[in-house]
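Only one chain comes next, encoded as structure tokens, the form predicted on its own.
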């Protein structure tokens, strides 16, 4: 039995993870579940999975959770606060940690899991984008495993040679990272300024949280994945090509020197990469509908329009710049997306905010979490200032 902690259990990845785990009660035991403030869903998950620990980050909700656990007579110890996430991620009885907390908030707990030598199922790409080599080096130093959960990176992982580094002499010449194009692939550029949060969150293929849905609509999600691919697979951005594939059936491809191109295909369902990472190097049933290629009928590919999706260009600029510029990009994006979802910023204002913050950012080569968080805080403050000026109509 492998013990599993699900960081961010009430989000879409967390829910999918628990679905896979429930299909294999003879192989996996849910040790811990965590949520930010969705106490209602966390209580229901505790009732169903009976974890040893439950964490609610919002301390104001802790009493509610404790009372519910007592009323249900569950064998669950309730913890609260951000520091409790570090405790959960490093528990001795935990073998696998699903790192599914959205945004920068998940970085510290993911690092704690790495220091504890866990198998980390990395669904929080922002943690890797922010930390750069820090997370990779920490995992290597402590014998932790980093297995990607993003469908694209999981596909690349499956298609690469055994060492799974492009820099190794495995004959890899290029990574082809597929992108759906999101809900605005065919929307005239002149209409993007009037896009609403509801429209941006209506992804044609995937059921995701609001933040990642907006990132998909701007293609920043793909930009963050470019950075993640460079770090995970030890390659440079010139060997990563983004390919728009609206059907989301081919999840990514790897090209080899002999002309071979290997691809991983499947229906768009996050339970596939989750099951793969849980069982690797084996395989388990994920509950996913088998792929019916005749029913799909056609697979289409095209180059992305970087004029329409400037966030993709900005992400390539950030990884080429190096140092802590990816952390600046991520922080500015998180602030801009939040402002858009709160209707304080137009959809087309998201890349404008990011570009202005990046143009003025100081990007030291950070070697510690504190240094990275300082860069993150500064970029967030600058993004808020830019948004404030845009609201006042003073531009830059």
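Residue numbers count along the first chain shown, from 1. All figures in this text were calculated on a predicted structure; none of them were measured in a lab.
The discussion below concerns the form predicted in complex with a small molecule, not included here.
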Open item on the list: For the interface check, one of 296 to 304, 244 to 252, 154 to 162, 121 to 129 should have non-hydrogen atoms within 4.5 Å of the small molecule in the predicted complex; which one?
Closed with: 121 to 129
Open item on the list: Counting any non-hydrogen atom inside 4.5 Å, which residue from 208, 74, 288, 192 sits next to the small molecule in the predicted complex?
Closed with: 208
Open item on the list: Considering non-hydrogen atoms and a 4.5 Å limit, which listed residue (314, 270, 172, 78) is close to the small molecule in the predicted complex?
Closed with: 270
Task: residue 197: touches the small molecule in the predicted complex, heavy atom cutoff 4.5 angstroms - done: no
TODO: Report yes if any heavy atom of residue 89 sits within 4.5 Å of a heavy atom of the small molecule in the predicted complex; otherwise report no.
DONE: no
Open item on the list: Although the partner isn't part of this model, could you tell me whether residue 379 comes within 4.5 Å of the small molecule in the predicted complex, counting any heavy atom of the residue?
Closed with: no
Task: Touches the small molecule in the predicted complex: residue 103 (any heavy atom, 4.5 Å) - done: yes
